[in-house]
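Below, in structure tokens: the form predicted on its own, a single chain.
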């Protein structure tokens, strides 16, 4: 196809989780590869389930990840409006075409009568099919009764870009509701009308819609519509891989991840590689690389496991690749309060020092607070340390005193400090894991910090020696 059009069509019923983001991302990549159109459409016909503010939140989430769309509810486009609740006249017109062709009829049954028919089928151990109970003389549809599609059951064969060649028999095709009694269309009807009007060529959606595809194909046939390209996304599974990921498993709002210090680039790369790879060993992709390399054919059919540890590792990779200027612009809201009055140049030096240790931007206070204020002494960092707890108090105090004496007469450059520390290893006979860890903790009182000689250089001689003395006095 020369003019590729894809769409992301979420319901505004809550935050955008990773499954929805992956569908949006893949639709975006397919469109961008072909220099086509990517549409955002809000499927808000289930008014009871709509969450206030959710539509705005969906838009903010896509924009935060750089998934810019060409048509949408907030920017318009040639097929506006892009909210289904604002397109009711369009659905009504399409529905009347089916009524006039004898392919749709008013549903006269009450919910109680339908329930009774379902119970009869259950008692007979038969699947319930509405078409087995079509009214012989349905009333004229006046818009107040539900409108049902008069299906033409048949077997279907179709190709899915992810799931491969698929086949179903006529028994799965049924008379489904097109327009509800409240005048709103069902998803099953509205999305096909919208896709046809908006020229959508590729329908990329979640696995939960796969079982309904034969009904969709039947409706395409009734209208004489060409089928789009189908691509069904498998579920994203929890970390154990034994069930679909849910909020209960820790699935978070994508904006919450960003607020927690994850980069948008990380989230895009991580989500893209859940169930897709380019056939190489590459694990981290920029958006540019994804646009170049992505293909629906390489999306796996089985569910992809959500691995929080891999997400954290990947975020560290992306942070290390940022220029210092770029990183500085992103961490403004993550500095500790103690850095508020610090000189910009000093903050920049601190950031350059801790960049390699950041796994999320939210780690910045832990990694940098001791550069701006005196840290609280926490001797458990020594007594609970696997190596240092072997030292008795007297031995630890003596090592700290020796370190202070050696550093007091050292030149204050990273190279000179490292040479002094190395010489101290020889004179004390200690291992680096003990001596360096003890000095690091005594001067930062942090669970982890950058390389020791660089940390001490930035802290300065006076502050380093003062903290070593305070630490020595604290060990009792």
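Just so it is clear, the model here is predicted, and its values are computed rather than measured. Residue numbers count along the first chain shown, from 1.
Absent from the display: the form predicted in complex with glutamic acid. The rest refers to it.
Taken together, 7, 43 and 204 are fully in contact with glutamic acid in the predicted bound form: each brings a heavy atom within 4.5 Å. In the predicted bound form, glutamic acid sits within 4.5 Å of a heavy atom belonging to residue 11.
Though the partner is left out of this view, residue 187 does reach within 4.5 Å of glutamic acid in the predicted bound form, counting heavy atoms only.
Looking at residue 209, you'd find a heavy atom of it within 4.5 angstroms of glutamic acid in the predicted bound form.
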